[in-house]
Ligand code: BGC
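Next up: just one chain, as structure tokens, the form predicted alone.
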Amino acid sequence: MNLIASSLETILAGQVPSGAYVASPTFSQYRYSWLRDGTWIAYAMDSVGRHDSARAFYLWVGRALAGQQGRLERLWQKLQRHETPDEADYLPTRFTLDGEISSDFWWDFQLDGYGTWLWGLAAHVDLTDDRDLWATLEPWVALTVRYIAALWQSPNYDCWEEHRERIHVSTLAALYGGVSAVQRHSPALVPDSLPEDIRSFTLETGIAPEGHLVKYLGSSAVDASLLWAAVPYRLVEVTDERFGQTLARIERDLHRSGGGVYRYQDDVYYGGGEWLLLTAWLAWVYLELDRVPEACDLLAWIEAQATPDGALPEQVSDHLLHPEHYAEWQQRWGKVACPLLWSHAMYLIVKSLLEKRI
């Protein structure tokens, strides 16, 4: 089985004519498109030279955001009057494949996806020099920057759609990465101090006494999404001592020896399994640190989780953190999502990086 080929086929099959990528075609709750997942899927397509696929996704994002101008005007008016917005006033974290907002309940106020799509669009333009695309999407880039500038210090759901009451370090990292990328391409769209304000705030408030980044402000725990702080968002560099301390804690608390990477220690979603996309992220970090054999081991573990027909799941359940919670999620939503396009995307990204090293 050629997992590179099957990953590419899975992703292309999951991209609809609108340009959206479905998160998972077989999992009821994931038949939508997220800015977060979609951006990483698009980045994977860019990594393997399918720039047409990535471009179609970013155009879809622009159309989806264009449909939210009325909602945003109501939000701006409330903020100007110093009123607390309702949950429905915020932009959603997921859209239907046609770019609309679903009527189903979801944990919608998540900011990280909005930083992520800005970072991804800039990365696409860097790779392709597609200035026409940037010019076409610039109004929606500006809208997103305005949205982030108004709300970046607001508690909101994290990238796992949990802890609405918290401010999350990986979210701040994504916002920093996104607005920094926009500032590099279109400085006039970003308030001069915004990226550094986000960075300074995060490093002043998001570091534990032991010296590592924390899952959310006020916590002492780590989350594997903290890998994003260095790769790719560069809130800190991979050689920064604070990131080194964070990586050491993730390795100790969340990486099963010989296996994959957990999200965080208290994770009960489907019992808290090992996530393939996070395992790929750790491999990406290892490549940047020149720990190539360890990165290869992680990629081999990911490959071993593929189904006979080449599908990669969201997580695997052989070594659960909290197995007593597995049945309740299976009863609620069915089997673990498989295929998950984000898992395939991260595999392609890291595999591409590894091949460039060899």
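The numbering used is simple: start at 1 and walk along the sequence shown. Keep in mind that this is a model prediction, so the values were computed, not measured.
Absent from the display: the form predicted in complex with beta-D-glucopyranose (BGC). The rest refers to it.
With a cut-off of 4.5 Å between heavy atoms, is residue 348 one of the residues that contacts beta-D-glucopyranose (BGC) in the model of the complex?
Because no heavy atom of residue 348 falls inside 4.5 Å of beta-D-glucopyranose (BGC) in the model of the complex, the answer is no.
Applying a 4.5 Å heavy atom distance criterion, does residue 160 contact beta-D-glucopyranose (BGC) in the model of the complex?
Residue 160 belongs to the contact set for beta-D-glucopyranose (BGC).
Does residue 275 reach beta-D-glucopyranose (BGC) in the model of the complex, with heavy atoms at most 4.5 Å apart?
Close contact exists here: in the model of the complex, residue 275 approaches beta-D-glucopyranose (BGC) to within 4.5 Å, heavy atoms only.
Answer for residue 263 alone: is it within 4.5 Å of beta-D-glucopyranose (BGC) in the model of the complex, judged on heavy atom distances?
Yes.
The chain here is shown without beta-D-glucopyranose (BGC). Which stretch in 189-197, 267-275, 246-254, 203-211 comes within 4.5 angstroms of it in the model of the complex, by heavy atom distance?
Going by heavy atoms within 4.5 Å, the stretch is 267-275.
Are all three residues 36, 314 and 342 in contact with beta-D-glucopyranose (BGC) in the model of the complex, where contact means a non-hydrogen atom within 4.5 Å?
The answer is yes; 36, 314 and 342 each reach beta-D-glucopyranose (BGC).
Heavy atom within 4.5 Å of beta-D-glucopyranose (BGC) in the model of the complex - the one residue of 23, 20, 11, 336 that qualifies
For this set of options, the contacting one is 23.
Of the options 301, 43, 30, 60, which one has a non-hydrogen atom that comes within 4.5 Å of beta-D-glucopyranose (BGC) in the model of the complex?
Only one listed residue qualifies here, and that residue is 30.
Counting only heavy atoms, which residues in 132-153 are within 4.5 Å of beta-D-glucopyranose (BGC) in the model of the complex?
Result: empty, none.
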